[in-house]
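Below you'll find only one chain, the form predicted on its own, shown as structure tokens.
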Amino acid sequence: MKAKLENNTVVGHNIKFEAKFLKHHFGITLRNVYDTMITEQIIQGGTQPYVGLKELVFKYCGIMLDKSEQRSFKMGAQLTESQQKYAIQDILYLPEIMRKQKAKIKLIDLQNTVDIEMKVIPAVAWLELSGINVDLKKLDEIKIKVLEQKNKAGKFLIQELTREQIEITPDTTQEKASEKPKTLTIIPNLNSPKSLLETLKAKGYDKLEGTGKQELGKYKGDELITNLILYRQAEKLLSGFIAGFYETQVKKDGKIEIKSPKYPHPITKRVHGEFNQYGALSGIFTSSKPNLQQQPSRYREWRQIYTAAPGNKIVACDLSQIELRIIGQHAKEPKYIQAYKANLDLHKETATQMFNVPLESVTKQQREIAKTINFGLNYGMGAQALKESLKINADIEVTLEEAQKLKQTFQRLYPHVTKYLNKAGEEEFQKGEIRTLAGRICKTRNPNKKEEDYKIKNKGKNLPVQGLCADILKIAMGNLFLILESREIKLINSVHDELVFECKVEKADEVPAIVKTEMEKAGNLFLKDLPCIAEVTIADYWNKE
């Protein structure tokens, strides 16, 4: 049975579950699979995040399945006759669904996308079974430090912003009129933007029109505003990242109380996240329980919680500036192509042209402006959004007029990019879908949701880029599974343009070269006019440097 399953194509619905089960309990590695759920997501252009088997049986076979037995199974209990019949019907219609799906796939030319997705399914099972090692002691140290920051800043804010207010009542009787007016103590809700804005205005911060980063920047350096920013940074780390690793309780006031850790797994002592390989329209991965993809970029100490087990090293490999390279390929922009062929810093090259200064004289601020523009304008960012992005991400203040001039300078500097993006946005707006260079279809119009025209056009600009990035990473993952999985090497994370592995120290010389080669090979299938470069780091923790 092991040989049959490992050497033949196995058909299933959400077959990742079966792949993990067979590997964990019986040491069976599924290498060739066909998943009816993933295939349907491909056919639908990513518009259906989940497709049930019941839905597919009705769509392709015209039969309504009875799923009432689904929740009756119990661990270790003997299967009843009705449960056995239910289990059989769960696989009975798969060959017919596959046959009809394949006819559709051929008709709309999606064979390559299906091939990519089917080959990556075993790699996703490998990824989820591998798990990642989390240093709970380091995590707890960070939690304590962040809680101290939040509490210290919060205490200062409450002290400064709590105010007294006279209670006004409509009662005007003689008896009440002789009483001393009552006062109310108003304690600000630091997590309510509306309440906070009212409190800040009452305190004299009249310039504020909101409490976002851009508005708070009007009072840069002010002690109270500085503490508000520190409070929010800590709150974001706690609720968005730290809380994901702990059992939590939401109190009546909306605050999150962090309790005991809910990870790692009691047997493996590792954290096993869930990865959805078709998590978005573009086909990119998403992660949950906990979210291992999203990491706080501005809190450098955070990644040190992801450590290699004793005797191991972590090998991280990311595709350098892959999105800009893809745009350069699409647009056939000579200046992008020249810069990447010569292995130059595109952001510095952009800055030297935009500010008319020699390359060696480009300042850090000028490079940051160029970097923000390179990434932002390529996705349809307007002058107002550019102004805000420069302030938030680079702490650089420009007027709206200056932002508009920067945008115009960029568009003149890279006319092929400008022309391509405008064309891509218009074509998508007319068709309602795009194709990546690998052939993936991303349908962008949701019939149940009304969107503004510019948002639809922006999808036409960014989906060909994000979609191809997903294609490249998945091709590399599928190939690396065949090369590395059998060698006791763990794939521990997949993040948009990056793959992270854990291996024995003695293998830390050969694994990086293999990973780099395969990731670059996958990229170079589509980047014909400029090179795909993968950058590798080897460390005792998940290092991005």
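The term rigid core refers to the maximal set of C-alpha atoms that superpose within 1.5 Å between the two forms. Residue numbers run from 1 along the displayed sequence. Quick caveat, the model's predicted, so the values are computed rather than measured.
Missing here is the form predicted together with the DNA; even so, the following discussion is about that form.
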In the model of the complex, does residue 273 have a heavy atom within 4.5 Å of the DNA?
no
With the cut-off set at 4.5 Å between non-hydrogen atoms, does residue 151 touch the DNA in the model of the complex?
no
Please determine whether residue 303 contacts the DNA in the model of the complex, using a 4.5 Å cut-off between heavy atoms.
yes
Is the gap between residue 474 and the DNA in the model of the complex 4.5 Å or less for some heavy atom pair?
no
With the partner left out here, if you bring back the DNA in the model of the complex, are 163, 182 and 205 all within 4.5 Å of it by some heavy atom?
no
Looking at 107 to 115, 414 to 422, 228 to 236, 133 to 141, which stretch has residues with any non-hydrogen atom within 4.5 Å of the DNA in the model of the complex?
228 to 236
Out of 33, 37, 495, 65, which one falls within 4.5 Å of the DNA in the model of the complex, going by heavy atoms?
495
Heavy atom within 4.5 Å of the DNA in the model of the complex - residue from 101, 462, 248, 307
462
Select from 416 to 439 the residues with a non-hydrogen atom within 4.5 Å of the DNA in the model of the complex and write them out in sequence order.
none
My question is whether residue 106 is one of the residues whose C-alpha shifts by 2 Å or more between this form and the one not shown, given a fit on the rigid core.
no
Once everything's superposed on the core, is residue 401 shifted 2 Å or more at the Cα between this form and the one not shown?
no
Please state whether residue 353 has a C-alpha shift of 2 Å or more between this form and the one not shown, with the rigid core used for the fit.
no
Distance change of 3 Å or more between the C-alpha atoms of residue 293 and residue 214 in the model of the complex: closer or farther compared with this structure?
closer
